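Quick heads-up: it's one chain on its own, the form predicted on its own, in structure tokens.
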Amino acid sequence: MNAVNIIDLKKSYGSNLVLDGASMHIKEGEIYGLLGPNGAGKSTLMRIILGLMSYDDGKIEIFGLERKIAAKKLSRQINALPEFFELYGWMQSIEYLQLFADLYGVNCNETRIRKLLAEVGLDPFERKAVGDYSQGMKKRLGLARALINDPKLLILDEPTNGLDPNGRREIHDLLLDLNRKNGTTIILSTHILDDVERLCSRIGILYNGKLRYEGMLLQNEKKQRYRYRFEVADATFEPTSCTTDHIRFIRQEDRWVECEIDGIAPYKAIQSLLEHDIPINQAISLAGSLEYLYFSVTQEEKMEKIS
């Protein structure tokens, strides 16, 4: 069963169309990366999933229940960590989490809260006011707050933003452990592509209110795309002759020819060029698969909009 089904979702703010028929399918128990530039509609989409915002048209199902009809039941199964959240700075961590346990109607004693604090990497016996916490400690406390009701669906917006490399790694390990042990479905929205590559099994790329790509990370697909720069030995070489069934010429700069390789391994593309009497001195990979996929999708859409 899918944890989230979104079909032809539309949302406008006055005359500004933010979501324009967005459709998305998130499998139960997966970590799903929600990508897109600022203004693509990601925050609006997450608020709608959480039930914090209405929508104009379309359909949302969460764990097989329609969002509008089963709002109260679903609210107990979902939680989120926004990028920016407020702390009641005078409280201690146990008081802070107990407050949110009460708000969610969760029977959560002090032992459970201390265990949750330890799980997110905080000292369960820390008596310092949370307003004096470091940025990393605040992120961990926010994550503990998002886990207070043992959600089946967890939505995270830039959960590692502001953390040092060790802090990021600890949050990664915690999320992977949470997903593997509890089967928690996680939607991760971030601009840090390294986080997505380490954590996510599938991704969706939102651009101008529509989902432009949804599927496995590119390195997990049978059909792969790469972008390479080839240095050709012959300066008089006609670059468009690089184009074959699996190779597409992009641009040329002196002896360097940039091409997209689609559906075959790069070494086979080089072999194909040589077989077509195109001598190559060297080949350089331009980008990792996710980075290339992200920019190719968003740039293609940008060019379509301009044209």
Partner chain sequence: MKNGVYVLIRKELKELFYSVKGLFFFLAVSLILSLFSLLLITNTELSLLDNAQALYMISGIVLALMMLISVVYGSDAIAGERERYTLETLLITPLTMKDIVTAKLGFGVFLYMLLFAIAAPYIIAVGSSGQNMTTGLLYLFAIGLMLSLLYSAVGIFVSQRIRSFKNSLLVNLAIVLLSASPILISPALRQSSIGKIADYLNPFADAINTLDAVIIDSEPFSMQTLRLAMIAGVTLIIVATTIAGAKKEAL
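A quick note: this is a predicted structure, and the numbers were derived from the prediction, not measured. Positions refer to the first chain, counted from 1.
Unshown form predicted in complex with its partner chain; subsequent notes refer to it.
Shown alone here, residue 72 lies within 4.5 Å of its partner chain in the predicted bound form, counting heavy atoms only. The closest heavy atom approach of residue 58 to its partner chain in the predicted bound form falls outside 4.5 Å.
Residue contact with its partner chain in the predicted bound form: residue 53 places a heavy atom within 4.5 Å of it.
Although the partner is absent here, residue 199 lies well away from its partner chain in the predicted bound form, with no heavy atom inside 4.5 Å. The chain is drawn here without its partner chain; in the predicted bound form, the stretch among 89-97, 115-123, 202-210, 184-192 whose residues come within 4.5 Å of it by any heavy atom is 89-97. Among 110, 102, 234, 173, the residue placing a heavy atom within 4.5 Å of its partner chain in the predicted bound form is 102. Proximity to its partner chain in the predicted bound form, taken as a non-hydrogen atom within 4.5 angstroms, holds for one residue of 76, 128, 169, 180, which is 76.
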